[in-house]
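Starting off, we have a lone chain in the form predicted on its own, written out as structure tokens.
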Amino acid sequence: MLVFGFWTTKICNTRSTQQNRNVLFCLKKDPFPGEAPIPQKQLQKFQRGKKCKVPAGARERLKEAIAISEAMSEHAQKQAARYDLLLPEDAGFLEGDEDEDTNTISQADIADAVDITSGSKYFNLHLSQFGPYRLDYSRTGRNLLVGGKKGHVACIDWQTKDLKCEMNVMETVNDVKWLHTEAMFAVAQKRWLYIYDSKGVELHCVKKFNDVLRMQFLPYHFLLATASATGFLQYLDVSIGKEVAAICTKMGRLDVMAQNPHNAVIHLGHPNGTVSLWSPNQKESLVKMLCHRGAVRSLAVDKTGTYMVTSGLDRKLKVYDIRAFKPLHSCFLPAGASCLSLSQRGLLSAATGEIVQVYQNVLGSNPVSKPYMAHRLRGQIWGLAYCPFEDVLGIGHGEGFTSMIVPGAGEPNFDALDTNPYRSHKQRQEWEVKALLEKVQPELIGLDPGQLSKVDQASFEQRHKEQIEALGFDPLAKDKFKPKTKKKGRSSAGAIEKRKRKVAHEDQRDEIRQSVQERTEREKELKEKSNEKKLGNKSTLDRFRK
């Protein structure tokens, strides 16, 4: 019994010591309480515009809804800023030695200095027989599409150098463009527009689209926009195979075209030096800007939809702020720029004859300085395009195609749910189904993409009037005051009338109170101003006056 008691007391002692330790451990304070702080610069990077202001006289329900939406937006901003640290890749850059310009460094030197995988991105395709060439990269950046003026069309996985299809359409090719996936592409031939699959099989011949010179594909709307030699701007819905809009611009031959990725508005350059902005919802241009004294040769819009770069026959390169439609700065190029292209990181490439020049820090208020990089080719340059998510610039010229390494051009991190370069065949199919379900209608294309969240007051008032005329009464009007029935003789006819009179004309009373308050405030302001004037006009001799 004693032994048993001894062991029980020992066990109890050990338990009490453990509890004391736990208590001591719990009493220790966390030296870094709460969540880790987020740097202010990172929060500004993911800021979602200005906060919503609660309108005066708003109901409690509306106030709660605005507060909840603001809290959710703030939470999403903080989470995005936190997980930004997990992005593994950084943008590249090119740095020369002391007193060495980076534009003097050749592509061969860059290819020798970098690793084998990056060095293989610089290559030339000698195709002098069917040039000059137009080109287009797929949205994922994996596939390259080239089209020669004399009918040669080829589809290549440019990273593995795997040729997917190659053919000669035996007709002049004006432009080539990938559609929503790597399985289909469009070719603007001499007479009509043709759609092919990735194996080179002809799927469609769209005879409504004739004499097409340039094309742009709007990925979120599934629209193929075409500009023709007859001055027509046409939109083809690829998902249903129907023409959405055909607009006669009345501006002559349309051979300069670009799209604004921010709001899907098409920019067209014209021979009279103007640039016009178009939407499929209107037969007239949204905006017309006089950009050059001569014809517009090329134009490009950055991915944020803020800046537009144009070049003309007057040999000037101009940067415009599209929000205000005003020029920021311009520079003179001795030979002028025939082709322009903007990268995901804001690098501008300009082709002048046989030379490609890449400029840095062009967008914004900084003037155009000396080029960041330069490369000379054999033939006349006919097309420029940056590869998405890669530091590569594709150049189509008279002697074929050249892939040029441009450090710092591509976005290092990609959105795997939108454009995943490493997606499988099954993932591509699933993405295509989701994209079709989330397709944006062409009626929503406009200068202000945030217009959908605003209230159209004029149309609301018009519909309200029509509703009153149809029903014979106002459905939004307030119900008349009905007093509750009370006991003990308090619901007599006289008592009910008295209660009705107390509540009657409440709206008018509020308006009268508000107008009286505003009037008194104005009178106070006028009195203060008059007193200030009187004090200001006084002199030292006023005290001797009677």
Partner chain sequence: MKVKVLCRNPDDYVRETTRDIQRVPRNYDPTLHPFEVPREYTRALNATKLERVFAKPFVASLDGHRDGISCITKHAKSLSTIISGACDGEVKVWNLPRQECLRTVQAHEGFVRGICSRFCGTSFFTVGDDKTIKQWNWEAPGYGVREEPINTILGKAVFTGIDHHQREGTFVTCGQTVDIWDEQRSSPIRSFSWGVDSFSCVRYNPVETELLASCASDRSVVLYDTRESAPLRKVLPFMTNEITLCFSLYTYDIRHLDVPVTVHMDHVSAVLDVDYSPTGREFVSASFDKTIRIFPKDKGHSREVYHTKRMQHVICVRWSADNKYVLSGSDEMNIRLWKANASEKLGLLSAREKAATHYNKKLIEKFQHHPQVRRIARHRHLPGDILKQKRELREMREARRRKEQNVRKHSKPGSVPLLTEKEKHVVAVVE
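Positions refer to the first chain, counted from 1. The model shown is predicted, which means the values in this text are computed figures rather than measured ones.
Another form, the form predicted together with its partner chain, is not on view; read the next lines as being about it.
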Residue stretch of 148 to 156, 402 to 410, 189 to 197, 231 to 239 approaching its partner chain in the model of the complex, non-hydrogen atom distance within 4.5 Å:
402 to 410
4.5 angstroms heavy atom contact with its partner chain in the model of the complex for Ser118:
yes
May I ask you to check whether Asp175 falls inside a 4.5 Å heavy atom distance of its partner chain in the model of the complex?
no
So in the model of the complex, does Ser424 come within 4.5 Å of its partner chain, heavy atom to heavy atom?
yes
Does His204 reach its partner chain in the model of the complex if we count a contact as any heavy atom within 4.5 Å?
no
Name the residue from His262, Arg253, Lys465, Lys164 that puts a heavy atom within 4.5 Å of its partner chain in the model of the complex.
His262
Interface residue in the model of the complex among Arg513, Lys487, Arg501, Lys484, criterion: non-hydrogen atom within 4.5 angstroms of its partner chain:
Arg513
For the heavy atom contacts within 4.5 Å of its partner chain in the model of the complex, list the residues of 414 to 428 involved, in sequence order.
Phe414, Asp415, Ala416, Leu417, Asp418, Asn420, Tyr422, Ser424, Gln427
